[in-house]
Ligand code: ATP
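Here's a solo chain for you in structure tokens, the form predicted on its own.
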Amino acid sequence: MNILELRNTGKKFPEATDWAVKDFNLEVQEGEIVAFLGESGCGKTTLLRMIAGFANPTQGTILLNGEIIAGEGIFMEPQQRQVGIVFQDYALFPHKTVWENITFGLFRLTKDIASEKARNIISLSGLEGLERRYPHQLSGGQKQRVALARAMAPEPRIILFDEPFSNIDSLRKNQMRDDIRDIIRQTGSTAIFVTHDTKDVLAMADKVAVIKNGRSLQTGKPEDIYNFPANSYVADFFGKTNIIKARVTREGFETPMGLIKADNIPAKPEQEVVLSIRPEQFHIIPQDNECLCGSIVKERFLGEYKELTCKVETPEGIKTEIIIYASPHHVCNGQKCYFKPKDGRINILGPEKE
């Protein structure tokens, strides 16, 4: 069941020449965790503000549980939408304790019911023992938990997160991603978060919309977008990849590196295409008649793997650099590298979309 729908939603600010968001469509099912992924200024936060009710769309409609909350002459005030928000800077009340921050949104309930809800969410969020502390006495991770607990205490229909991990140090990010995802799952909540970090998306999201210049370039499961990006912008933004121009032949793809053999190509012979092959989608193999050959010009040890930069030069003098991930124990020393794509790991990219 869709809990949220955005239909051709757009926003253009009065003094702006370009649309902040244009023709945006999205369906969010109950219990999903959805990410808006894109560069700064692409429209992610504007989308969040329109869902929350802090901004009114210029075009299109927004529906919550099948009811129009914005558009077609209708605008539901933020306090009526039952949407919780966790701000980037947490926005905790500095003069209130953890307990007072969390119970702030429960003022309509009786004291007993509000206390019960607060105790439940404090337990779920791992904040026991911190109830009497003030925000300045908390770590960044603890502040985020308090902000999340405060947003979830009134049991909103949807929880919105604005760059939830931007203020968390890298050592704690992985744990915080897991903790927040677990809390959302245990409460059965629906969540939307904005981020520019693909690691956040891969660790947490069920669905992601990749956004550029206010438009959604591709929406789907993170693993599908990672493996089958729609165009070179999505491919490159969603993770390191090799973008290769090629011509389709009956045997495969003719590239500046040589022929990459492939079967069941969804393109006509002689068609010019652009390929995306991620570094981990190459095999490093012993030399054979079907492999490509390059010279390793750079290597970076990255813990779980080595990143190799290989230069491939054709007899005509055309040079191409390819990035390949290898075992951390792979010995390089400037040697030749023989490699080829793994079966089914070549993606033909579509045209660029602005």
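All values derive from a computational prediction rather than experimental measurement. Position 1 is the first residue in the sequence shown; the rest follow in order.
A second form of this protein, the form predicted in complex with the named molecule, is not displayed here; the remarks below concern that form.
Chemist: Please check if Ala20 has a heavy atom lying within 4.5 Å of any heavy atom of the named molecule in the model of the complex.
Modeler: Output for Ala20 is yes: heavy atoms within 4.5 Å of the named molecule.
Chemist: Just checking whether Ser40 would be counted as a contact of the named molecule in the model of the complex - the rule being heavy atoms within 4.5 angstroms.
Modeler: Heavy-atom contact with the named molecule at 4.5 Å: present for Ser40.
Chemist: Look up in the model of the complex whether Thr45 has a non-hydrogen atom within 4.5 angstroms of the named molecule, and give yes or no.
Modeler: Thr45: contacts the named molecule in the model of the complex.
Chemist: Even though the partner isn't displayed, in the model of the complex is Glu131 close enough to the named molecule, meaning a heavy atom within 4.5 Å?
Modeler: No, no contact at 4.5 Å.
Chemist: Of these, 295 to 303, 59 to 67, 45 to 53, 310 to 318, which stretch puts a heavy atom within 4.5 angstroms of the named molecule in the model of the complex?
Modeler: It is the stretch 45 to 53.
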